[in-house]
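Take a look at this one chain, the form predicted on its own, written out in structure tokens.
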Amino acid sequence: MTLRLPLFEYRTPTSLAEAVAILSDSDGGAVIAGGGTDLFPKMKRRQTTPTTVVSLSAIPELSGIEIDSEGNCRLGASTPVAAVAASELVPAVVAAAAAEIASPQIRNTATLGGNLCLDTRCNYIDMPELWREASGHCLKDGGDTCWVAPRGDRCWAISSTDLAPVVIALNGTLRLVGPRGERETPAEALYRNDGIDYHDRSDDEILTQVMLPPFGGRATYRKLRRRGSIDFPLVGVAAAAHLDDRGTVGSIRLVVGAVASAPLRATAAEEFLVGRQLTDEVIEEAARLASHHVRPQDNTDTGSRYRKWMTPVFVTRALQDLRA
């Protein structure tokens, strides 16, 4: 069956002010397109049918990577993922995580902001419209039941962004611009553990820049997926830590992605690790703590039990990376 895009107006503003004005005047009928690698397939499946698509590709100030006078790495939200992966200015863990996203063709089109603002995913909605009508619409699709957990009243669609866990682990800050002005927010505060209301960003706000503070510690990103490329993460673990000369953890941020509707900070494991060396026994206990509250659902291409089992495995590998 051939899936075609619905009718829509395609706008290419050349300034941030023009883009904000279009979004403000659309009465909620406009959506932002970075590279469109996630948006357009959803439009073909009629998961979303906007009247206007606002491309940010023609706004020059939204692209590029630079180090400012204070040593912060500033990345424009429209910077292609491939450019982030190839950059020598960004922290190595960010480049490595960007290189893990999808395929070379998609990385050349997809943008940093698009990956950070990626819509939540679920097997019950990422299907063509006729399939969803036959099976019954879910909560995220306008129905009254979550088919993943029918007895509950919330949507369990999962966050599948690779870059968000890394940016959170590095204590990054996001700059957003909208009709009410400009604001900055910690990356962690952008995400909500709700499959429908998954962002603290209004529809008329634009993510314009990511700021990463100087980081002199060790960081890593570990990703589980079915194939070695293309696929979204089934589990993603980002870790960033400062260790002293003896290998004792002075501070650490540990983030688990793709197991809930938002990236999750493993705060219990972080608190346990501070002041300890990364011995095998310490890593084993930290991995247990990090995965204790993880409750994956059966809404992706492997079972929830497998993702639950693999969470401590990938936390272990991430902590071993830091030790090494």
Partner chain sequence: MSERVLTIEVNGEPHRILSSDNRTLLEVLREDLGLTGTKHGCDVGECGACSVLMDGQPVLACLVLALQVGDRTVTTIEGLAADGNPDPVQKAFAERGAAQCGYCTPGMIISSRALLDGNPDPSTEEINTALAGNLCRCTGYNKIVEAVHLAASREARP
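Numbering follows the first chain given and starts at 1. Given the structure is predicted, the values throughout are model-derived calculations rather than measurements.
FYI, the form predicted in complex with its partner chain isn't displayed, but the following is about it.
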* So, in the predicted complex, is R45 in contact with its partner chain at a 4.5 angstroms heavy atom limit? -> yes
* **Partner contact for T37 in the predicted complex: its partner chain, 4.5 angstroms, heavy atom** => yes
* Please run the contact check for S229 against its partner chain in the predicted complex: heavy atoms, 4.5 angstroms, yes or no? => yes
* Report yes if any heavy atom of I106 sits within 4.5 Å of a heavy atom of its partner chain in the predicted complex; otherwise report no. => yes
* Counting only heavy atoms and a 4.5 Å cutoff, which of 194-202, 108-116, 138-146, 170-178 contacts its partner chain in the predicted complex? -> 108-116
